[in-house]
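Before any questions on how it binds or moves, here is one chain, the form predicted on its own, in structure tokens.
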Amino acid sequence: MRQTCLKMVYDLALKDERIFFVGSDLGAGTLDQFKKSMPDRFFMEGVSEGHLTSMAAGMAMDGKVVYFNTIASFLTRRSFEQNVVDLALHRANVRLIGNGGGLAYAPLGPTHEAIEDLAIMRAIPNMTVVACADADEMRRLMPQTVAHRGPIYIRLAKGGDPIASRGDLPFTIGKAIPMRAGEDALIVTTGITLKLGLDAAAQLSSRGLEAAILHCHTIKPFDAESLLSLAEKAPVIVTIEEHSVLGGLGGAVAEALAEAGFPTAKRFKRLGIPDVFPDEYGSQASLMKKYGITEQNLTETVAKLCTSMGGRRPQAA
């Protein structure tokens, strides 16, 4: 996903002279082709993310469209004030590309794990927040970022993730994608958890339960209209994200559901990282398993909630 995103930055820059690239202490060779072809629009700087955010804001105010790439935790935590005051307040056309959203940097521990980045960026006025499911979806996103008004935070996954998105479904920033129909439950996903949602829905179907899936690639602006149109029919709603359960996808869905005023009760559950710093070093997969961000846990959670609602009981797995 990261390689696809950066390749798209290069391709877009070839067609639009307003596009500049800024990197903060990235690995050797990153976008070398960009540097060779357009050296006056390529800046690879040191570990100074706050300064670079302000620099990118200044360039944007001069009419440039700036793509700034570095580790997600540094873009969000370290540069929070600059993101607010220099980017969002002025609707600066800067695209913050965050490497390793979620638990991708599990071997490096909690200093590098961006487990609250969606919540941080979602809280900033004028900030758009996007988490694509895979490289194919990233290809559909990137051309839309050029003309988009205001700053965007683009969360990148580890890379090499299986393709779960569908090219036949329209992709628009701010508009969620219904991926599957079903009236026994609604599964809401973002980023790489789309694949988990699709696999869990297939397992549930084999057990006699049909779950709809809504893929929210855009966390902000949040598509509450699409959510509520599906949630109205579903007695059970479960969100799953590679992020803290506080303030990200689960928070956005909970807020929309709480204000919807449905006449019938709903059972709702957020799956994600609990309100902790991950206290183990390992792989992304091992930490996702520890916190239940898995197909199996999603399947069992939906099945149990369906049973508790008194609806159709799932068949034995």
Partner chain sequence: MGDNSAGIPASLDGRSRYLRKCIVRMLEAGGRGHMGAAFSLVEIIRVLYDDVLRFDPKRPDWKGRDRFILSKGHGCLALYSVLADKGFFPETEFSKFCKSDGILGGHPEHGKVPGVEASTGSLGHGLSIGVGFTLSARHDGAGHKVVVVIGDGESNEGSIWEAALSAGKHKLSNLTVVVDYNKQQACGSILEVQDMEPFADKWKSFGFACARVDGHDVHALRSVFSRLPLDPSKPTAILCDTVKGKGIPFAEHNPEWHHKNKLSPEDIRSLLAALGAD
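Numbering follows the first chain given and starts at 1. Quick caveat: nothing in here was measured; it's all calculated off a predicted structure.
The form predicted together with the partner chain is left out here; the points below concern that form.
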Any of the heavy atoms of E225 lying within 4.5 Å of the partner chain in the model of the complex?
no
Please check if F20 has a heavy atom lying within 4.5 Å of any heavy atom of the partner chain in the model of the complex.
yes
Is there any non-hydrogen atom of L169 lying within 4.5 Å of the partner chain in the model of the complex?
no
For E81, is any heavy atom within 4.5 Å of the partner chain in the model of the complex, or not?
yes
Which of I273, L287, M59, A252 has a heavy atom within 4.5 Å of the partner chain in the model of the complex?
M59
D184, D134, D86, E113: which sits within 4.5 Å of the partner chain in the model of the complex by any heavy atom?
D86
Would you check whether the partner chain, in the model of the complex, lies within 4.5 angstroms of a non-hydrogen atom from each of P162, I192 and D199?
no
Would you point out which of 60-68, 259-267, 244-252, 273-281 contains residues with a non-hydrogen atom within 4.5 Å of the partner chain in the model of the complex?
60-68
